[in-house]
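Next comes just one chain, in structure tokens: the form predicted on its own.
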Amino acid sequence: MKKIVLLTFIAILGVTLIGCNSAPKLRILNWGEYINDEVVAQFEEATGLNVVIDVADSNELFYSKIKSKTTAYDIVIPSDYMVEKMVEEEMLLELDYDLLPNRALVTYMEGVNQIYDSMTATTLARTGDTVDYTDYAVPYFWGTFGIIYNNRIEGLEESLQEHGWATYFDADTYFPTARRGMYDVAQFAYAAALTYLEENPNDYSASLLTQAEDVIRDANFTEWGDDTLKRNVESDNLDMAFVYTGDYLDRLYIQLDEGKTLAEVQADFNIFIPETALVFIDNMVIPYTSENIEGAHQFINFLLDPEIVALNSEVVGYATGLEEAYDIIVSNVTSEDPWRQAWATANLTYYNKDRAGTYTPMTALDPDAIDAINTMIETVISG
């Protein structure tokens, strides 16, 4: 998170609570700590709209809030698999690209294009329907998953670089005393295990479930958590964990704010991004509850301005979806401001647009498959 305009949950609530004026409202449902309040202020000044932001902490909560129609949200920012679900249930409006002139002026990052292509391919295989998800969605932020690791453990970094996923999952062979952690989201654990097994993380069968269970059980995870994982690796209380790359950058930026150099932070803890990387994308979409469709398009178009996207990125530790915004960010590599230079270097290191490798998002699975995966993970955790 950026030191200049560090956004807190309180700041987001402030945006929500101010807004008893007569200006037309634009209601947005977003994740917490996921927008720069300066961007909101600039948009309000440019359009005269009063932005009201509510916060949800899961895609499932996004879904239930839209499904209930209790609040007429104009924009919601769900992840890839939830966009698939919402499209299939006809909960989203198609975008009017005549109202999004900035789209024709920008280029999506290659990873973003791969994600949308993968979502379409998965849906076609599952339902027989061909869906171009860019008809409904514009990228907000995207990013990879990786293995955050304790670089104070001698040889761990080298092992990850040489053996990749095996160092993390094969506890009997690689660093059997290492303290391993996993996100407490069942599909994340299942997808990571299948990726290690060189299987498609979006496939499901009884056989694959058994193989994944064996791999996850053998990894002997000492912690199942969420934000605790990144903090425990940072504080030398955990040695490896499967996390969002943005989780690592969140802690990195905080330590940079506290005066450490990029090299000093990396010497303590770093993140390894496998060549075959699981990825996610959060998207701006317009739900069928919208009462301000024109305003929703205005906001999305505003967030297709590379300068605005780069400004928004200053407080969020994930990757921009636009090549032009990426170029603005990495141009700071020669900045005299140490923070901006480190920010640019981090993007070049962890989100390099020329990175070789395969990006695979976790897409929607059949509800029965999700139930079986959840049951399997609960069984493993309970011992």
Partner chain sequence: MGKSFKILAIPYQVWLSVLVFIPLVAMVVISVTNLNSTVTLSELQFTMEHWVLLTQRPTLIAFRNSLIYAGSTTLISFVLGYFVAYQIFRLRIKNKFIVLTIVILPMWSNLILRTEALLNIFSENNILKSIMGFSLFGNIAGTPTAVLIGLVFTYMPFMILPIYTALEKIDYALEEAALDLGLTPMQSFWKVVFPLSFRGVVTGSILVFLPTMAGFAIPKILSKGRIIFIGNIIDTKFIYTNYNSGALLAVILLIFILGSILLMTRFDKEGETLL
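Residue numbers count along the first chain shown, from 1. Predicted model only: the values in this text are computed from it and were never measured.
As for the form predicted in complex with the partner chain, it is not shown, yet the points below apply to it.
Among 291, 110, 89, 132, the residue placing a heavy atom within 4.5 Å of the partner chain in the predicted bound form is 89.
Residue 235 is the only one of 71, 173, 261, 235 with a heavy atom lying within 4.5 Å of the partner chain in the predicted bound form. Interface residue remark: residue 231 is counted as part of the site for the partner chain in the predicted bound form, having a heavy atom within 4.5 Å. Although the partner is absent here, residue 370 is a contact residue: one of its heavy atoms lies within 4.5 angstroms of the partner chain in the predicted bound form. Of the heavy atoms in residue 60, some are within 4.5 Å of the partner chain in the predicted bound form. At a distance threshold of 4.5 angstroms between non-hydrogen atoms, residue 197 is out of contact with the partner chain in the predicted bound form. Comparing 309-317, 92-100, 279-287, 184-192 against the partner chain in the predicted bound form, the single stretch with non-hydrogen atoms within 4.5 angstroms of it is 184-192. Each of 179, 224 and 382 comes within 4.5 Å of the partner chain in the predicted bound form, counting any heavy atom. Contacts to the partner chain in the predicted bound form (heavy atom within 4.5 Å) from stretch 363-378: 370, 371, 374, 375, 378.
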